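Only one chain is given next, in structure tokens, and it is the form predicted on its own.
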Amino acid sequence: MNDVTEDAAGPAAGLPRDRNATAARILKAASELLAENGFQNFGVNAVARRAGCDKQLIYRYFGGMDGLVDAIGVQLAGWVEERMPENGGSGFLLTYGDLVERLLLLFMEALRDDPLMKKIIVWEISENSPQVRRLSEARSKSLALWIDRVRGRMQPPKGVDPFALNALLIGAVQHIVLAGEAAKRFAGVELESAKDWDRIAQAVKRLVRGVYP
């Protein structure tokens, strides 16, 4: 059904509304605006213009901008499910190191292809607004759930702090991806071609095996 009833001019007389299609369009428009411009100029009017709908529908369907940000957070919670399949990668997971290696490689590949997620990581470092915290928490929770599901009974080696180590490893992957986006290189290492990123992937594997032999 075409969503002809909820455009910027308002509902067409006598025609039913396609609420789901309109809400999805609003959510898509909001996500695109965030990816392009961040929270600067992110408001009801801008989202309504991008979605081609009356701004009152944002209040009706999402309760306003806070509700819309929460909806984006829910969408982000499914980001890992969509972009990091639990059976992704090659071979079986035999050790905790296998698990961390797969997590980092899948996460790096997914992050490179997602403009909004890269923006959120930048905001985590540079901002501390309630909106950013909600989006950050949704992302962190989805990663933690992925690890719990895939890990099964695998345990990290004794005598190590996996939370701190994994935080450092994930942080390194995030930073190298952001550097690739911004400058195409970091610390003298090129970050542009497929060969460059394969080099980084091999380095990630070496790091993981050093931490979790």
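Numbering starts at 1 and follows the sequence shown. Quick caveat: nothing in here was measured; it's all calculated off a predicted structure.
Same protein, other form: the form predicted in complex with another copy of the chain, not shown, and the subject of what follows.
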Using a 4.5 Å heavy atom cut-off, which residue among 171, 43, 152, 63 comes into contact with another copy of the chain in the predicted complex? 171
So which of 106, 121, 71, 77 reaches within 4.5 angstroms of another copy of the chain in the predicted complex, heavy atom to heavy atom? 121
Within 4.5 Å of another copy of the chain in the predicted complex, do we find a heavy atom from each of 39, 125 and 179? yes
Does residue 163 reach another copy of the chain in the predicted complex, with heavy atoms at most 4.5 Å apart? yes
According to a 4.5 angstroms non-hydrogen atom cut-off, is residue 24 in contact with another copy of the chain in the predicted complex? no
Taking the shortest heavy atom distance, is residue 19 within 4.5 Å of another copy of the chain in the predicted complex? no
Is residue 167 a contact residue for another copy of the chain in the predicted complex, using a 4.5 Å heavy atom cut-off? yes
